[in-house]
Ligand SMILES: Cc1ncc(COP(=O)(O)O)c(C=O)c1O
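This document starts with one chain, in the form predicted alone, laid out as structure tokens.
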């Protein structure tokens, strides 16, 4: 059997996959089983921020594997200590401590649990277009109605949903029983939506006034993706709890729950745990990832490449708008996005879609350069022309 036939035979069919078998990656490129290379402007769902198989990351994981692959959190570990310190120093100024898990949905589960423990309250307010995961707890705060309806055993009866940016509706729902407001500072799967500076400022003040925890789900926006290490830094705004995952360790599984001083003491010993959270291999990858982001000035590059994208792609008439920040960008097209995504793939360029049917998402490695953006522009013009001819 081929690779695709073998996966289809033995894996649970939970993903709709591109007709592509990836066997190797290097920087912004991935290669299929025939050696054909594709320009990856999606990073495997915003994961490989430092590019595929960065040599320093490979070396760090390899060296750690030669020292110690695993021991539980029942002991101290030098790599974990160094990585945690470096992360807190790179996070929001008020960050105090971090709890390590394995994924973004797990990080959001922990964050919601800690917020309820810290406040002693049951309710949560979330965004209609927000996405926080598919486990029962995180699903309960995910805005996609269909995903929640498919599993009605969730806790969404304790969650109110409001449109991002609609402060008046949010304020009207606030009360002394609200444990947390959770949102992606810039939505991704929900359509690369962003609110006003005034909205974020008002949100912070509202939470302070009610003693409600503000949770930023930065699973996708963290680790330089938007042109700041974390997205709230664009507005000088700090949450009480920050969750992140995808870009945290260069492709190695890792989730982070970062707490500020006020909420850091809420979880009592034994109330939560994660066997593999903060394992030595993940910590070596996190440390290397943070060092690479700084050494190669990749956060700054994300800001610079946003300007290039807006200049180069903004000149294409069929692109009606470009939303987002840094290298989390949405291209709003005058036509459905799906055939354009497919057309780009046939031209060996990988991009993503989202819940907005006319939008393409760009989530490239932060190492992307102007030459790659211009390659995308040329291919986009071709794919859009073909789509017009077929309309």
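The shown structure was predicted, so the numbers you read here are calculated from the model rather than taken from an experiment. Positions refer to the first chain, counted from 1.
Keep in mind that the form predicted together with the named molecule is missing from the display, and what follows is about it.
Checklist entry - Though only this chain appears here, would residue 240 touch the named molecule in the predicted complex if you measure heavy atom gaps against 4.5 Å? => result Result no; residue 240 lies far from the named molecule in the predicted complex.
Checklist entry - Is residue 131 close to the named molecule in the predicted complex, meaning a heavy atom pair under 4.5 Å apart or at it? => result Contact check for residue 131: yes, within 4.5 Å of the named molecule in the predicted complex.
Next on the checklist: With the partner left out here, check for me: in the predicted complex, does some heavy atom of residue 219 sit within 4.5 Å of the named molecule?
Outcome noted: Yes, residue 219 sits close enough to the named molecule in the predicted complex that at least one of its heavy atoms falls within 4.5 Å.
Next on the checklist: Residue-level contact is defined here as any heavy atom of the residue lying within 4.5 Å of the named molecule in the predicted complex; does residue 251 satisfy this criterion?
Outcome noted: Looking in the predicted complex, residue contacts with the named molecule do not include residue 251, since no heavy atom lies within 4.5 Å.
Next on the checklist: Which residue, 159, 105, 95, 79, is the contact with the named molecule in the predicted complex, using a 4.5 Å heavy atom cutoff?
Outcome noted: When the named molecule is considered in the predicted complex, the option within 4.5 Å is 105.
Checklist entry - Looking at 189, 284, 290, 127, which has any heavy atom no more than 4.5 Å from the named molecule in the predicted complex? => result Here the answer is residue option 189.
Item to check | Partner-facing stretch of 219 to 227, 296 to 304, 268 to 276, 109 to 117, counted where any non-hydrogen atom is within 4.5 angstroms of the named molecule in the predicted complex | outcome: The contacting stretch here is 219 to 227.
Next on the checklist: Suppose contact means any heavy atom within 4.5 Å; which members of 221 to 251 contact the named molecule in the predicted complex?
Outcome noted: Contacts from 221 to 251: just 246.
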